[in-house]
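Just one chain is shown here, as structure tokens, and it is the form predicted on its own.
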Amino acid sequence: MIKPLAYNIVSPLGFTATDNYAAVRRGESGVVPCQDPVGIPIAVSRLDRSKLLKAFEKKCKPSQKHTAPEQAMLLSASLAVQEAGIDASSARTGFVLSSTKGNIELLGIPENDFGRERIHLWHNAALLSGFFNNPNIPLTVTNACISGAAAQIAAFNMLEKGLYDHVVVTGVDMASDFIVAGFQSFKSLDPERCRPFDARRKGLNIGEAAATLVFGKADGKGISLIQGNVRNDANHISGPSRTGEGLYRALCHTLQDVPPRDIGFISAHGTATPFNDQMEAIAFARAGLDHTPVFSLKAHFGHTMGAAGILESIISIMALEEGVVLPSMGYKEHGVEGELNVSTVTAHTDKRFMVKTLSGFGGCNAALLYQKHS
């Protein structure tokens, strides 16, 4: 087991985890309507660049120019490391970066001021660890939309094997024109705020965020990450298995020592795309979780890609700490086949476990199991 010592979220809903969680509890959303590069209506959750830059310069006091993804990444990591009170420059501290696209927007600016290497994710990771003068080679995790979960599993393994005393896991992605165009090519973007698991759902909203978890070895107090697994269903480059096979297997391995009745809630991937939500419902039912309360956070933050697994884990950890099941914003009319207990109101739970799931392109699926210790 490993334990989150501190965490941070930089999103349109705030620049601290506390502010973001409070906004979710109030039912707020950062998703607003806009247009894509060719004028098609979409809805996106975007960071205010001027506020981000101001907060970044105040906290990080940079000696060089940074892109918006780098600003959000470094700001989030700095705030979380400060809260954790660890020595981030120590050889006993490791860094993991989770991102799907990083500085991909630089591809559209050939004559930029950042240099050719800045486009690479390994360079983003080196910026992250280098900012703290850390001597170790950072790990870069990029596995579509499960990147944030895979990064946490990597941190789990590093700590369990004794490679480090602390691991800083940071995820970041921005809604660049490249990313918007990619999702638009699949016709998977909703022009309004998304509705996970609802009959009216039309697709997802892209979101911008950075989020950081600082992990250390568990001490039997607070919240711990006790298990995590990744499985690939090898179904299709962009379409999930119709039987939920990959997610079902990830859930089975993750919950092998915990019966479904002990799970307080599932923080689902819940993208509000027709196939993903149906696939998750099938996988949950096959794993015996069809009566477990389920919610999605995508209507609050949009789909933050490489940051999603970390950001949504943090909000879910805070809900588990408080002993509440959050409502799934946007859900009104049941829109998946079979039973699925979608949460519609804030409810109390005294159960000590919660599950976070993610799924992504290429058939990848992940499940994380968190426990609250008494």
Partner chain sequence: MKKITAYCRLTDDLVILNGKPCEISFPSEPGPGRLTDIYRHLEVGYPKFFKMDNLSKAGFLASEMVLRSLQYDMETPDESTSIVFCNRSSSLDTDKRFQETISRDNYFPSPAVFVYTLPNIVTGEVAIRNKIMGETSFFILESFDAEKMIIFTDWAFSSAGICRVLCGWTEYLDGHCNVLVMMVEKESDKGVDFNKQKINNIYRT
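Numbering follows the first chain given and starts at 1. A quick note: this is a predicted structure, and the numbers were derived from the prediction, not measured.
The same protein has a further form, the form predicted together with its partner chain, not shown here; the description that follows concerns it.
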Counting only non-hydrogen atoms, the one stretch of 104 to 112, 78 to 86, 269 to 277, 212 to 220 within 4.5 angstroms of its partner chain in the model of the complex is 104 to 112
Is every one of 117, 142 and 245 in contact with its partner chain in the model of the complex, taking contact as a heavy atom within 4.5 Å? yes
From 258, 181, 91, 199: within 4.5 Å of its partner chain in the model of the complex by heavy atoms is 181
Interface check vs its partner chain in the model of the complex: of 27, 37, 323, 62, the one with a heavy atom inside 4.5 Å is 37
**Message:** Using a 4.5 angstroms cut-off on non-hydrogen atoms, would residue 71 count as touching its partner chain in the model of the complex?
**Reply:** no
(request) Please run the contact check for residue 291 against its partner chain in the model of the complex: heavy atoms, 4.5 angstroms, yes or no? (result) no
Wondering, does residue 129 line up within 4.5 Å of its partner chain in the model of the complex on heavy atoms?
no
State yes or no: in the model of the complex, is some non-hydrogen atom of residue 232 no more than 4.5 angstroms from a non-hydrogen atom of its partner chain? yes
Restricting to 154 to 173, the residues within 4.5 Å of its partner chain in the model of the complex through any heavy atom are 154, 157, 158, 161, 163
